[in-house]
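Only one chain is given next, in structure tokens, and it is the form predicted alone.
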Amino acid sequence: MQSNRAKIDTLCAEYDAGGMDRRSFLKKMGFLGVAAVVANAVSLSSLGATLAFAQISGAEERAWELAKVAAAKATKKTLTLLIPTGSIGNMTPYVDKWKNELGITLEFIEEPDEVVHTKGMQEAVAKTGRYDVMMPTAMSYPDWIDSGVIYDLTEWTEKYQPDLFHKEWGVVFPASHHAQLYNGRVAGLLNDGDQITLLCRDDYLKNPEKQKAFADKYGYPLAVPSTWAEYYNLAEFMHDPANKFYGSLEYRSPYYVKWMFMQRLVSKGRLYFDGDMNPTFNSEEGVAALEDMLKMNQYLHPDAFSFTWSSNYNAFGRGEGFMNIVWPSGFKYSKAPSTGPATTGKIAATVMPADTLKDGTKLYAGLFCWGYGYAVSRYSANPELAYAYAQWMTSPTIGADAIPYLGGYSDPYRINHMLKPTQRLIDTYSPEYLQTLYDNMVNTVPDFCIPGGFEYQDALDKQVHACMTGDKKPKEALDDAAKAFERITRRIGKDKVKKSWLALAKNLAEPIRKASGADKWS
């Protein structure tokens, strides 16, 4: 008698060959015990059902088999997840499957994203066991690992193979390393491809009158900007405050403004530290980055100094500006008719603009900022079950299925999400934007994913904001931030931070390593 797996393989091959319609395929997969969510993802995969199910039989199946064993022996039948507020939409579609097939209730505890890191550090002291899975940004991993509140996942990943680095469906490099590893060990599994890209209003770019006027004024064709200089020209040209239409909506608000500086800094070939942990942003490149930002302020939306991500997305979706620097969720927001009534079908996206280095070369460097992932609490009553959840949710096909759901933060992070997307991913993001995400991600530089990362980031943010509001001159602000950085490094321990920093820098894209000098660090 043919086994269920063999029957599934035969069924997939017949479906790929056009031997049955999708409805019949889903029905027969159900008869063979395949969960509806998995069958649906397989049926829509551009990889073809056979290859897609081969993936499921890999990372997904290994996770599910572990989950079944761990659930059967668990005395506590609830898996509790600490998650940032606003992210639950990507997780709720699977609650019934875990309850009905494993007998496990998924309980979600939502906290504002800015306090999730603190909650984890508090758990390191209290050791309550309240959480099983915790969903921090990549910056939390160093401090959480060092405090002992989460597991090092390396041994589990070696045993259950989540395919983190697979050449066809692994997490895109270098995010695969800097958003999941701490000192070369796996600390968390990425579930959110947080990077910033640039959006423009395509209908304005295609306007013949604007095309002629722009070319007459600047001497080159109207198009998405490839450099920061072109970005500035576009903002100047499109800025029309009399009609409440502004050149760009990029952030100048506390908490967000450091990312606008960090992005420009890395585009100029500078990182945050040199190879011996000396701050390097208070350099001529850093000052130039702040001066670029000050120069742009005249063409920004008047709410730029108070924008949160949601008010920024809403303003762009209402048609209040020509450009925006946003996370992929911002594109999703602007593309959906309900949240982007003025922008749906009218967006042209591009990788972050390059800067021109002293030798005349252009450096494309993106910023991978934030980036949520799943970590496993050391005080969980069922750590293997918690790990199984993390691997299953981030596996190549389930991840692709989860991302398009509304009401969540998750954005594409695996190669297959961008280069072999499902129809739902295409419908949500468009093929062009998925390609843009891939092209941008391969050149990204991470946040401060080192011990004390949040302290470094907060110190920089305060000073950049003080400069933008006119309280400090660029060099003064950056020198003050550098002094704060040196104090943080001394307190944590230079050798400890340096080890982590060098591990991060080792995995940057080669043009960025060369421009910054990191290719010569040891």
Partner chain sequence: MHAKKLSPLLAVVMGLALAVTLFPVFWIVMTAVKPPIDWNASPAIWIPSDPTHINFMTLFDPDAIRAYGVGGVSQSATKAVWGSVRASIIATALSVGIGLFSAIGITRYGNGSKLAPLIILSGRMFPPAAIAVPFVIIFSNVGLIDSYAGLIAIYTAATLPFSTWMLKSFVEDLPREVEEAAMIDGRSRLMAHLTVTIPLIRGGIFATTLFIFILNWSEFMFSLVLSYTNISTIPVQLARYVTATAGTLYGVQAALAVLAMVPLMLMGYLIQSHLARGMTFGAIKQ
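Residue numbers count along the first chain shown, from 1. Given the structure is predicted, the values throughout are model-derived calculations rather than measurements.
Here the subject shifts to the form predicted in complex with its partner chain, a form of this protein not shown in this document.
Engineer: Is there any non-hydrogen atom of Y231 lying within 4.5 Å of its partner chain in the predicted complex?
Structural biologist: It does not: once its partner chain is placed as it appears in the predicted complex, Y231 has no heavy atom within 4.5 Å of it.
Engineer: Is there a non-hydrogen atom of P254 within 4.5 angstroms of a non-hydrogen atom of its partner chain in the predicted complex?
Structural biologist: P254: no contact with its partner chain in the predicted complex.
Engineer: Using 4.5 Å between non-hydrogen atoms, is K119 touching its partner chain in the predicted complex?
Structural biologist: Within the cut-off, so yes.
Engineer: Should A215 be classed as touching its partner chain in the predicted complex when contacts are defined as heavy atoms within 4.5 Å?
Structural biologist: Answer no; every heavy atom of A215 is more than 4.5 Å from its partner chain in the predicted complex.
Engineer: In the predicted complex, which of the stretches 292-300, 192-200, 369-377, 126-134 has residues with heavy atoms within 4.5 Å of its partner chain?
Structural biologist: Careful reading of the contacts points to 126-134.
Engineer: Indicate whether the candidate residues N282, A477 and L502 are all in contact with its partner chain in the predicted complex, with contact defined as any heavy atom within 4.5 Å.
Structural biologist: Contact check failed for every one of N282, A477 and L502.
Engineer: Sort through F273, Y429, Y409, Y389 and report the residue having a heavy atom within 4.5 Å of its partner chain in the predicted complex.
Structural biologist: The residue in contact is Y409.
Engineer: Which one of T339, T350, T157, S176 is close to its partner chain in the predicted complex, taking close to mean a heavy atom within 4.5 Å?
Structural biologist: Selected option: T339.
Engineer: What residues, if any, in 69-106 have a non-hydrogen atom within 4.5 angstroms of its partner chain in the predicted complex?
Structural biologist: In sequence order, T85, G86, I88 come within 4.5 Å of the partner.
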